[in-house]
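Shown below, as structure tokens, is a lone chain in the form predicted on its own; questions about how it binds or moves come after it.
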């Protein structure tokens, strides 16, 4: 029964997410796609930083690798930025695999460094990725980027084609509606795999390495191999997230995958709570949705100025707000949003101090129920005992 109660909010959230395309307009559908792509990337980073204890500021580089791998693998074989015309399903898998291989190639470096030194080393990956995106014009399109072929499976396209008209319960399902369910399925799979990794022997080994590499090595854990495993898993998540971002945008360019994206991913997992899958999802939703909503409704907010006017615009306000949120979490919410939710659940589970204590169990072998007095012990009322 406690297991069912624990899973009930997850099931309810999944059902609500499945029903949202019937209720939302195009702006909120597009925002949801951006959010779900960020959730996948944030789950991968929280496994690396929160579970394994390895700081990374290069997450955007692996997302870029996944995005361009998908665009190149699925793209047409002719044109300015050509591709090889693979099926989109295979292109999505290839995005995660190529990013994982890149993470494995970087793992000898990540195994030798820790803390801020590892973070500085991963920043170099962002600059290297930008250099490749700009100069490999045959595959990336250079500065202007390249378009992304829509996702499809045999007989069905996640765009407005094939079929060109699809309606469910009176709601016309266009490209955004169809992509919503693809993204939702990937997010649920990513969250399920992330929880399994945390609970597995590998996850426990990563946590031991995070707490103390010396103690982990003394228990037989291969520290370098554990670090490499964490980096490969996180990179694969980032690659899939990059492919989802490519599908959500429809066109990708180098500016989408700068250092700011890596910082945004780090902010997501800090706000949500390091090492928490649900916290990573909550932090991603906050960081992605806030600037988009402020920009969309900036004309209705009198204190916001238009971009470039020198006043406080929506993007700047969003940065200030989630910067303040980081400070508030570090000072007052230890463990982020996930930690606060856990403390609230434990507080609600504590017994009321005004409730009477439970009756002690009967002696073994008597067969008496806990509420019945022992047959050999006389019962005294409160009046006689006082």
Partner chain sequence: MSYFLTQLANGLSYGLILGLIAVGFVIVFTSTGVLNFAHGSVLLTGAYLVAVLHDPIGFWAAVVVGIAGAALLGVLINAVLVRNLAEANPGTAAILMLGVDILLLTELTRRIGNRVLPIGAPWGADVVTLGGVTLPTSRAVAAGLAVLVFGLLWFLFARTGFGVAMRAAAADGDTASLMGIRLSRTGAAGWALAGALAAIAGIFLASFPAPGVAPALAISAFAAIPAWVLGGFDSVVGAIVGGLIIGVVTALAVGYETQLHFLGRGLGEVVPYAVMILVLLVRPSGLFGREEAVRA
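Numbering follows the first chain given and starts at 1. Keep in mind it's a predicted model, so treat the numbers as computed, not measured.
As for the form predicted in complex with the partner chain, it is not shown, yet the points below apply to it.
Only one of 232, 278, 182, 121 lies close to the partner chain in the predicted complex, with a heavy atom inside 4.5 Å, and it is 121. Proximity to the partner chain in the predicted complex, defined as a heavy atom within 4.5 Å, singles out one entry of 128, 153, 84, 104, which is 128. Put simply, residue 334 is close to the partner chain in the predicted complex: some heavy atom of it is within 4.5 Å.
Interface residue remark: residue 345 is not counted as part of the site for the partner chain in the predicted complex, having no heavy atom within 4.5 Å. With a 4.5 Å cutoff on heavy atoms, residue 266 counts as touching the partner chain in the predicted complex. Not displayed here, the partner chain is kept clear of residue 341 by more than 4.5 Å at the level of heavy atoms in the predicted complex.
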